[in-house]
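Okay, here we've got a single chain as structure tokens, the form predicted alone, with questions on binding and movement later.
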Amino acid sequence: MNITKEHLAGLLKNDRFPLSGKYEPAWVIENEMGPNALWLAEWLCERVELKPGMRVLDMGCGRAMSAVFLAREFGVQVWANDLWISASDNLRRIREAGVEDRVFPIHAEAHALPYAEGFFDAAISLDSYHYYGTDDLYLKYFVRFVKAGGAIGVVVPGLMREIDGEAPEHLTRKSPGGGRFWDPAECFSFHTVNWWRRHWAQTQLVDVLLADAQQDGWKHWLQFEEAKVAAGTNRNDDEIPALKADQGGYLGFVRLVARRREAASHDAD
């Protein structure tokens, strides 16, 4: 890392997320797999009530930063589920963080989860759910692992307004390194607050308690990407020019919080 500890701490200082500010900046940068997972977790948990001892599924946890955060800040037990990172790799980080008794790493694909129905008090997902949860039938599968009345909360990169037709030029133009932010094969999983609210509500499996966009979300996203560049860990250069050109016109973060209905019923698929 080609930056001093003090400089990096300054780049990651964000008064909007005071709990996240307690964590070592180098640890956050070294283990990131997208927009700052701690900031997203803190924002989500402002509206998802977590109490000590609760069993929580952290779906698509990446390198388990968010799982460590949830265990430390809220005293919950966390099942840190990811497909791309091995359970053994995450266990090492969990042990180093001193939460081995509260965070349990699991390697599983989103459609093959190894949990009992109704096992979790709550399930969350940060910067992951849009990869699989846009499927009309996925919530029916996912919600079964949460007990009746339990909370489901996600934060995903999303759109502040619908894209009608082709994506705007400032999202598709090549960056200096030759890449493009908007990959149609992936980015059309980005949707608006209203789309996500309707997507969940129409299933009648959950009561949607909250669906909103993060104020200045694009600025927080840009801040973290620029910190990664300064630290020498940024893997691509397409997000920064797109975010600067967009200025929050399209890009940001969407938050959804719902409660599983008591009467929700799930037959084996």
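Being a predicted model, the structure only gives us computed values, none of them experimental. One-based numbering along the sequence shown.
We do not show the form predicted in complex with a small molecule, though everything after this point is about it.
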(request) Please name which of the stretches 106-114, 194-202, 141-149, 162-170 has residues with heavy atoms lying within 4.5 Å of the small molecule in the predicted complex. (result) 106-114
(message) If the cut-off is 4.5 angstroms on heavy atoms, which of these, 56, 242, 37, 68, is the one near the small molecule in the predicted complex?
(response) 37
(request) Could you spot which one of 229, 33, 208, 26 gets a heavy atom to within 4.5 Å of the small molecule in the predicted complex? (result) 33
(message) Check residue 217 for me: does it contact the small molecule in the predicted complex (non-hydrogen atoms, 4.5 angstroms)?
(response) no
(message) Given that the small molecule is not shown alongside this chain, does residue 79 nevertheless sit within 4.5 Å of it in the predicted complex, heavy atom to heavy atom?
(response) no
(message) Against the small molecule in the predicted complex, would residue 188 count as a contact residue? Criterion: heavy atoms within 4.5 Å.
(response) no
(request) Report whether the minimum heavy atom distance between residue 126 and the small molecule in the predicted complex is within 4.5 Å. (result) yes
(message) Would all three of 156, 213 and 250 be in contact with the small molecule in the predicted complex, where contact means some heavy atom lies within 4.5 Å?
(response) no
